[in-house]
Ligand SMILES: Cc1cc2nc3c(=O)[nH]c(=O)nc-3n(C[C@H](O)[C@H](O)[C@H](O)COP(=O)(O)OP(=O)(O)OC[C@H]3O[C@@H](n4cnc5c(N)ncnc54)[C@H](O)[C@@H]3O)c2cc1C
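A single chain comes next, written as C-alpha cells; it is the form predicted on its own.
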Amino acid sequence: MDETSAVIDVIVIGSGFGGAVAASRLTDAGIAVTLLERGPWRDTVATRSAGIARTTPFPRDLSLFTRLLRSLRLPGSPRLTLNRHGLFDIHVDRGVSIICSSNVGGGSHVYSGLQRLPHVANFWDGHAKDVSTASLQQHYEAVLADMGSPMASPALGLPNTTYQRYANSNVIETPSPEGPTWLGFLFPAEPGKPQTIIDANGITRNQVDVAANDDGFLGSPGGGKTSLDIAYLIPAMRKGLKIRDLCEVQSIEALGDQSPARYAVHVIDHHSGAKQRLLAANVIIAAGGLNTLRLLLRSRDGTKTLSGMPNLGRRFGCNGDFMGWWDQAEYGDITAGLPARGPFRARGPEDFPVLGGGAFPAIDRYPLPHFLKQRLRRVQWIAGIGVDAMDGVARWTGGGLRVDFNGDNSPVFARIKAGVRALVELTGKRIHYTKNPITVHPTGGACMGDSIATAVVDGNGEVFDHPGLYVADAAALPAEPGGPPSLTIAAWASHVAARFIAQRNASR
C-alpha cells in the first residue's frame, strides 16, 4: 500500500449535492481541499470545454448494456461490482430497494432537476442548538444562485406537462405545487431556440432543447442540465480544488494523538489499481446517503478503524419514495420535454395524495427493440413522495451493508397506494408498481441532533465522538423533507462548510 506523508487539510468524500457544495465553499475560503470520487468524469460538452482529459460516456447506445450498472446487491448476496465506470448502483434489501449513482457530480447528472424547499414546515427547528429554518435560509438562497435555477413557469414553453395533458380531464386534477419549484436546467432566452453558450466560468454548454429529448435520466451530454461539475466543481478546480476521480474510499481510520493527522483514508485508485493511505486533518463524508452509511459502518464494525457512534445506522428512511409505471397510449409519444412534468392526482371526495409525473427523454439513444421503444414513448413514470416513519436500520453484517425497512410502518405508503388505486379505477388503465418502496432518496442513519445519546453528528455536522470528521449529505438530515431533497442537502452542506470556516477563523 502506498502511503503519503503529507497531511491534507480537508478530504471530502463524494461529489454529489453534499460534497460538491462543501468542497467549493471551503476552496473559496482558501482552504486546501482534496475531493475523492469513486465515479468517473462524464464526457460532456462542458467537461471537454474545461479540458478534462479522462472521461467516460453516459450509458447510451450500445454502452447501455455495459455501463448502465456499476454494482448490484441482492438479498443474501454480497455486493457485486459490474463496471467501475457504470452509472447506477442498485441495492435490494429487506423491504426496500435503493438506487444510487456514481459520477463526478453525483446524482445531479441523473435527477429530474426539481429543486424544492422542504414540504415540512419549520423543517430545521428543534433538532440542534443554533440550527434553525431561519439560519438555513441564506444557504438555500446561495445554492439557488449558484445553480442559476429559474422558477418553473408556463413562460418556459415546456411540452407535455401534466397541466396540458389533464386540462380537460374529469377524473384527474393538477393541483398547484406546495411552494415554489425551481428547475436545474439552462433554458434558452426564447423557448424553442436553444443555443450553445459559454458561461461566466468559461464552460461551454448547450441550452436545453426539449424537442431533442437529450437531457434525461441517463445524463445530459450537451450540458442542458445544470449538473454539479458545471455549477461547482470545475470552477472550484480553477481556484485550487483537487479532484481524484475513480478513487474509491474503502475505510476511514482514526489516528491517535501521536500522529500529525487525525485520520487516514484508505482508498483504491481505479485508474492504476493501487491502494493508498491518505492522511488528513479533517474528513467530510458526503458519499450519498447509502454509501456514507456503508463507509462509516464498515470503518466501525468491519475494519474497526473507527469506534463509538452508538446511533449510527438508526433512523433510516426513504423520504416516502414510491415509483410506478403507467401506459398512457391515448396521449401518444410523450417523450418531448423535461424528465419531470408536474403534479397530478385522482379527483374524488377524498384528499388523494399528489403524485409526480414524467417520461423518458432520450429514448432514441436506448438500443432497444422497436416495439419496446415505441411502448416506452407513451409510458409515464409516476412518483409519490412524503414523510415515512424513518424507522429503518442499516448495519454491517456478514461483510456487507444490510438495510431493514418495513414500509407497512409508514402510513404515507398506504395513502399513496390508495391514490394510485383510485387512478386505476377512474381511468381503467393499469399502473404497475412494486410491493416494497423503491427509493432514490435514502435519508438518515447518521442524523444530526443535540446529543450523542440520540444522534451521530452535531449542529455543525461534526461526529460527536470523532472531532474533525463530518457528514454533509442526506445521511445527516434529522428528518425527511417530504419533497425532492437535493436543495436541502446542498443547503446543509453549505451550512456545514460555513460552520467549519467560522470555527477555523475563530481559532486563529
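The model shown is predicted, which means the values in this text are computed figures rather than measured ones. Sequential numbering from 1, following the sequence displayed.
There is another form of this protein, the form predicted in complex with the named molecule, and it is not shown here; the text below is about that form.
Any non-hydrogen atom of Ser24 within 4.5 angstroms of the named molecule in the predicted complex: Output for Ser24 is no: heavy atoms all beyond 4.5 Å of the named molecule.
Exercise: Ser494 in contact with the named molecule in the predicted complex, heavy atom 4.5 Å: Ser494: no contact with the named molecule in the predicted complex.
Val249 within 4.5 Å of the named molecule in the predicted complex, heavy atoms: Contact with the named molecule, yes.
Interface membership of Asn103, the named molecule in the predicted complex, 4.5 Å heavy atom rule: Asn103: contacts the named molecule in the predicted complex.
Ile90, Leu355 and Pro437 each touching the named molecule in the predicted complex (heavy atom, 4.5 Å): Negative, none of the three is within 4.5 Å.
Segment that reaches the named molecule in the predicted complex - one of 369-377, 168-176, 254-262, 283-291, heavy atoms within 4.5 Å: Going by heavy atoms within 4.5 Å, the stretch is 283-291.
Contact assignment for the named molecule in the predicted complex, among Gly223, Gly317, Pro118, Gly113, heavy atom within 4.5 Å: Contact with the named molecule in the predicted complex is made by Gly113 alone.
Residues from 28-54 in contact with the named molecule (non-hydrogen atom within 4.5 Å) in the predicted complex: Those in contact are Leu36, Glu37, Arg38, Gly39.
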